[in-house]
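Presented as structure tokens, the chain that follows is alone, the form predicted on its own.
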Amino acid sequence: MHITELFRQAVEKGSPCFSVEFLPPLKGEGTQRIFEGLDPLIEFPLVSVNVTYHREDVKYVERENGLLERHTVRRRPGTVGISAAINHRYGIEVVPHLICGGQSRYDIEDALIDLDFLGIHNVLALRGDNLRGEHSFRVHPSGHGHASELVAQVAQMNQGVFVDGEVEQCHNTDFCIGVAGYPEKHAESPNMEEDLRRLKEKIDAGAHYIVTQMSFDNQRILKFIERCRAIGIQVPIIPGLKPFATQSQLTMLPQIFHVDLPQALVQEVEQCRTNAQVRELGVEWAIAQGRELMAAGVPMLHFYTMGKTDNMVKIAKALF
């Protein structure tokens, strides 16, 4: 079932639901950690699981002659495989991420064909991060530089159009395409107006819904939704929340994800003596956020869990 259909059902039934985001296992790990994280959540109205995609990294290995040999590696391969495993085990919808970084249009096309064969019909289309150590995004010679171009490729494939146009008659795919939105704007955008214009380009290219970057400030989330509607973006918008978990996140989250932390949250975290106390505070903050957003008419929430769900179980019990 498409994410947009799940969103519509939540609206019609007046029954809020949620999704979570997981990372694929590290290379060499199995599926157990993923399943252990998801098992406790199945009793709640968990309607989908996002699975992130991690691009290549560079590793240097010293050879016997003392020279360094450069290798390109991926620490977390297996996005398509773990998505299929989750879908098979739980019968729940999965949303594998697709990225532009390090991918040719042919690589993306092959991944979409695999997903279609597996019966997975939801994807989240992202540009992706810069390669580690690089200060600007490097476009693959046969790839895309913007998420809107990736969206267009998926939308064209839904119409039976392949990269080289070599297939005349084919089975059309039926992907529901999600994209990212930024209540506090993307780090590379010069201003919020330009960021919203770029977001509308993704919708115009064929995206069906938006899931937002994490935000700890509901007023920013609701203002973002309002501004989207004002420029003609009418697709479902799913707010993204992250349960705060450690004291180090006071500096780490703004640095990595370019989000502001409300002063009230900062002060409360600073008063905590242990990370266990911070984790409980994070649960309380997420519950308060969720209640306020649902009271404002938001039917579906997305939680960035990083695969750790003990706190998510507490949040789900309180909200759903």
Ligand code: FAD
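On a predicted model such as this, the values are computed, not experimentally measured, just so you know. So that there is no doubt, residue numbering starts at 1 and follows the sequence shown.
One more form of this protein exists, namely the form predicted together with the named molecule; it is left out here, but the text below deals with it.
This chain is displayed without the named molecule, yet in the model of the complex the stretch 178 to 186 from 244 to 252, 178 to 186, 81 to 89, 225 to 233 comes within 4.5 Å of it by heavy atoms. Proximity of residue 99 to the named molecule in the model of the complex falls within the 4.5 Å heavy atom cutoff. The closest heavy atom approach of residue 53 to the named molecule in the model of the complex falls within 4.5 Å. Taking non-hydrogen atoms only, residue 206 never approaches the named molecule to within 4.5 angstroms in the model of the complex. The named molecule is not drawn, but in the model of the complex it has a heavy atom within 4.5 Å of residue 129. In summary, among the residues 153, 213, 103, 122, the only one with a non-hydrogen atom within 4.5 Å of the named molecule in the model of the complex is 213. Checking 74, 200, 146, 220 for any heavy atom within 4.5 Å of the named molecule in the model of the complex turns up a single hit: 146.
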